[in-house]
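First, one chain by itself in structure tokens, the form predicted alone.
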Amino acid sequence: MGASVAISAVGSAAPSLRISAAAIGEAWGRSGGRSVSAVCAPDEDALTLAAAAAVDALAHADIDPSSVDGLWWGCCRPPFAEGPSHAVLAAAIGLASHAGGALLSGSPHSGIEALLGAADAVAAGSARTAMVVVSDALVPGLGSGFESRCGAGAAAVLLSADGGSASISARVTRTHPWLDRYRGDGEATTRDLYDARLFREEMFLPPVQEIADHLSALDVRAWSLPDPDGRLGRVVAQHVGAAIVSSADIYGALGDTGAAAAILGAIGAFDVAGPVAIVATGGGRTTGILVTVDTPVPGATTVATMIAADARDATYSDVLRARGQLKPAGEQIPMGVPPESALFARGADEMLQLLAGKCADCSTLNTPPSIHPTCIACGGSKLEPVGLARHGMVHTFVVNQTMPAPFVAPLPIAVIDLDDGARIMLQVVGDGADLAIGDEVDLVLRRYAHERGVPVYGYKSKKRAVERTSTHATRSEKLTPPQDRDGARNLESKAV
């Protein structure tokens, strides 16, 4: 008999830009509707959102990420078309190098596939603790109907064989070889529906309503239902008599988040005991599961706060630039070192895991360790790799008003005093207009560049806006004792 599978915590994340359908419609001289879409800023993407949601879930679970046995990630199209997407995410959230898991992609159905794949691994005993992350940041075709509904977001679910607050108690799936929204090989944008009526009457409603009918017999308290056009979700809800549709609020705030939609739409309802039904569809597959919540799941009550944090309105031209659909003219200045080079290969772990070299003799933290093979304080040669703290205060900063392409001015750079005594210099999220010496900041994963077709990731400092309710300590806070802030600290960093 397989092991029990419990949900021990959840996490969520959303990008920083928002645009209304009305603003998009105005740009094309037509009515746009009342919906809102979340859009990734230039330094955000599906991977950075996934990392933020995973870190949030780990904080609510109050566990060390190195104890997680595997990562299951669902994403319509991960950032590397063919490359280390899963490995980069696993390293960034601190999983051990031997952690297993899988990357599921290719359709919006991949999110529910990741959740069920992880649950099966825990039930089979091949993992005791599994991290499930679902994220997406699709790019719609210019002028298409999907443009006013396409969103971005991420959710994370931590599964455990050691007990938790909720469990997956039922599942049902139907498969039909239908083509709805899709993206061809080599295409950057997701195409809209070919025939909206055909999709509604033959591809969407019959399988989704069939799956929902199976789940409705189980006395469901709340529902997460797909809503590809802003109306069909209500049709399904009325069909099954759903009183609480938690996904409606997520669609209203973020738009259609693709592979993340079903789970992100459900986890906010994990704050109250009772059955929660989740229906996901896409790529010719429709799946429904029932999650039985026994006690409020840690992280569920903060979902609404997390997806609204730091959101700011964007113009249509801002959105096109952020998505790469509007590019600046003129010469671009490439990085001096290509992302495939030995420098990036040898420094990948320390950049993604934010490592320092801790001196065995004087405990000074040297960053980055690949540049400092000996201690900058005492000259000692025995350096142990440790994770840096992810929180600190601004020591000083500068805002660059002129930058060569592809960098965009204003570009703030700050010197940060971290909680563990280290001092590093990093870019700052945003334009630095509200930044001040002494501000609290968190270190967050961001996309620094898209160089030679390859995304390059590193850390930036972000002014703290949302207080964590968990007492969870980061890996570095558990492993690295605080230093005297008057001691020698390094002002260098690879990611500037």
Partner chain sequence: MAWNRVAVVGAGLIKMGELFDQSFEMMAAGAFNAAVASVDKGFDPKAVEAAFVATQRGTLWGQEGISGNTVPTAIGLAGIACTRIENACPSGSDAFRVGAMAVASGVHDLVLVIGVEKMRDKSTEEGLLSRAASGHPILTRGETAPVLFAPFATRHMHEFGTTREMLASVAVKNHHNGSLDPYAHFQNEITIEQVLASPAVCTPLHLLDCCPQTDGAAAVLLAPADRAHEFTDRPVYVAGFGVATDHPYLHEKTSFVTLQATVEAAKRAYAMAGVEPADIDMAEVHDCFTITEILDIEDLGFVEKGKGGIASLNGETALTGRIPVNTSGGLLAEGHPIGATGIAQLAECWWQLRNEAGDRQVEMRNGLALQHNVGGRGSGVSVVNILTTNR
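Here the structure is a predicted model, which means the values were calculated and not measured. Positions refer to the first chain, counted from 1.
Although not depicted, the form predicted in complex with its partner chain is the subject of the following passage.
For the residues A308, A360, L343, A124, the 4.5 Å heavy atom test against its partner chain in the model of the complex is passed only by L343. Of the residues V172, L411, L116, A87, just one reaches its partner chain in the model of the complex with a heavy atom at 4.5 Å or closer; this is L411. The closest non-hydrogen atom of H395 lies within 4.5 Å of its partner chain in the model of the complex.
Among heavy atoms of P368, some come within 4.5 Å of its partner chain in the model of the complex. For V245, no non-hydrogen atom is located within 4.5 Å of its partner chain in the model of the complex, even though that partner is not displayed.
Interface residue remark: M425 is counted as part of the site for its partner chain in the model of the complex, having a heavy atom within 4.5 Å.
Contact with its partner chain in the model of the complex, defined as any heavy atom within 4.5 Å, is confined among 449-457, 66-74, 53-61, 39-47 to 449-457. Relative to its partner chain in the model of the complex, residues Y182, A196 and D213 are all farther than 4.5 Å at every heavy atom.
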